[in-house]
Structure formats: C-alpha cells, structure tokens
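One chain is shown next in structure tokens, namely the form predicted alone.
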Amino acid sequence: MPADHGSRRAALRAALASRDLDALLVTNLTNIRYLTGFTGSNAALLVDATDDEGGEERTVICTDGRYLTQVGEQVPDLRAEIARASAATLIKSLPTASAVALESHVVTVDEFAAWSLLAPDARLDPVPGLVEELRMVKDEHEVGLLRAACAAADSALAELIARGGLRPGRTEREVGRELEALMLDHGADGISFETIVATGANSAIPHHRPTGTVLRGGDFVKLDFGAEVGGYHSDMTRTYVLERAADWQRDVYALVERSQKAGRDALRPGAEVSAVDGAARRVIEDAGYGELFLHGLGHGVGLEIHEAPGIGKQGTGTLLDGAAVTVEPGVYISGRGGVRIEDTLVVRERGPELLTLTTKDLTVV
C-alpha cells in the first residue's frame, strides 16, 4: 500500500481552516517527508488551507537545484520551485494580508525576524506541533513499515544469539557492531540510533554507550536497539543473563516483566498517558523499587525514534487509536546491574498490536 500524502495534506488543511489560518509554512524536514514523500536535505513546503481537496493548486514545495530530479520523482503531485533559500522564497510569495502559521517549535528567532521583513503585510503566527499531531496516528502504510523495521530487529537479534554473539569475553562494542550489521543483513535501511549494549554494572545506566567493557558470566547484558525501514523506526530492549542467573537477578527481571505487561495492558484509545505510566510504575513502586525506575514509560515512534506522545508521570493528553508507542519500564541498581524490557506497539481498540516479537521470558545465554 503506497503512502497517501494527499490525504495527509487534506487533514492538515482541515486543521488549518479550523484555526482560521490560510496556510502553514512547513520547514521541519521530517514533516515535509510525511506530507509529501520528499527526502532531500533542503526544502520548505507551503500548504494552502483553501485548496480544493483534489487540486492543491496553491500548495507548493521549494528545494534547491541539487534535488531538481528528486523532487519531480518523489513529489509529482505538487508544484515545485527551485531556490536555495527555500523558506524565504515561499515567504516572499505570500498574498497580502494572509494569515500563515509557522512551525514555531523549529523556527529560530532570527528566521522569524527575517521572514517578517520579507512579508510585512502577512500575519505570521507561531503554531507549534500541527503536523506532529497528525503524525501520532499511523495509517496502514506506516504500520506496515513499522512492522518491517521491527521484524528486521527481531531477526537480527535471533541470529546474534543463535551464532553465539552474546558470550563472555566479547566487548560491548563488538556486540553492538555485530547487531547493527545483522539488522542491515535482515532488511533494514539503517539503524534507528546507536545501539546500547550494557553489561554488568553498566546495565544500571539507562543510556550507556558501548565501551570496551568485557562481558562476563553471571552479568546482565542489556541490548537497546532498532532498525529503520522506509524512514520508520523500531525500538526494542531485551535484557539477558550470561551463563547463570542469581536469585536477585531473577527477582528484578520478574518485577520489570510484570511492570511491562501492566503497561502494555493499559494501552487503550482514550487512556490518559499519565495513567498508562502509572499502571506500570505502581508495580515497581509496590515492590519498593520506585526510586530505581528512572525515566518515563515510553514514547511515540515513527519517522523519528522519539515523537509524540510521551508516556510519563508528567505526560498530558490521551492515547489515540493507531498511535505507535513504546513501553519500556526499567529498574537500575547502581553498581550491580539493571533490567529494561521494551516493545514497540500500536494502540488498537481491540487491544495493542505487538510489533516486536522476541520473547520477553528471562533467557540465560
């Protein structure tokens, strides 16, 4: 199923019209990709709220000459202009007295001042997050790419373990590099982020970067990684024990596993994001480890590895049907080790759809 960029722009036009805005100048490249399919490194998009649903005659994308061929191939349904100063070019073309929204969460103070001089008769309104709100709900094309990204990560991890890649004597860096290469071998276009491999006491550091630390028998090994397919990212964490598991490791792992299940079970359209976090966090707090759960429960995932909605104690808003999110509680015992278990899921009316399928049972390798 191809991406329906026209429908996405139609939804944006409706959002603009409801706010009495004539247009939105999109300068966030990820949002431009979402709305048009364009993947170049320089572009601006002016989405006209008054366009007819089919024609979009006044919506225009602007990029520079390096992408003349690319913009024609990737965005055949929109008029394209070619200019190095893409945003400024579109600003100068604004009709007199138009009310134009700017993505104020990405526009700098200097850009706003310069653009105001270029269009003195237009009203430039700071309006953050309009496209990001649309991006929270994934269409079936997007979910298909998320499934493929998660499958590449699942397959890479399975091969890593099957060929003995997690074993005493290897370093965190060696394991991370091998896992990243395997994701590419299994169909990924790239990696979602630098793979986290954390062994022993390092596993108690939530976002530890791999080092030359050597894996040892009896240690936790935490792997947090993801694959990217078609611009969409997976995110998964699994924690293993090497050779033998101590009772304290089994207890901590079982606690995080229960917490993660509670968080997954709380994913429902309309659920308050803070309540979803609370469902998982209470399990850990009731066991006396609440101060060792050091971060929010999860986040949205899609064209960016971290996007709306944020799922945490201070989070606001409710989950929407079709939102893709992570659920990733953890317990981190400084100097000893930590456990995090993370899945990527899609919120559904019938219950969340699990996209990362690697077992979450405690595994000793």
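Position 1 is the first residue in the sequence shown; the rest follow in order. The structure displayed is predicted, hence computed values, not measured ones.
Form predicted in complex with another copy of the chain: not shown, discussed below.
For the candidate set 164, 126, 288, 270, a heavy atom within 4.5 Å of another copy of the chain in the predicted complex is found for exactly one residue, namely 126.
The listed set 110, 140, 247, 121 contains one residue whose heavy atoms approach another copy of the chain in the predicted complex to within 4.5 Å, identified as 110. Annotated contact segment (heavy atom within 4.5 Å of another copy of the chain in the predicted complex): 126-134, selected among 126-134, 92-100, 238-246, 276-284. At least one heavy atom of residue 105 is located within 4.5 Å of another copy of the chain in the predicted complex. The closest heavy atom approach of residue 181 to another copy of the chain in the predicted complex falls within 4.5 Å. Contact between residue 66 and another copy of the chain in the predicted complex is found at the 4.5 Å heavy atom cutoff. In the predicted complex, another copy of the chain lies farther than 4.5 Å from every heavy atom of residue 258. Taking another copy of the chain as it sits in the predicted complex, the stretch 205-227 comes within 4.5 angstroms of it through a non-hydrogen atom at just one residue, 207.
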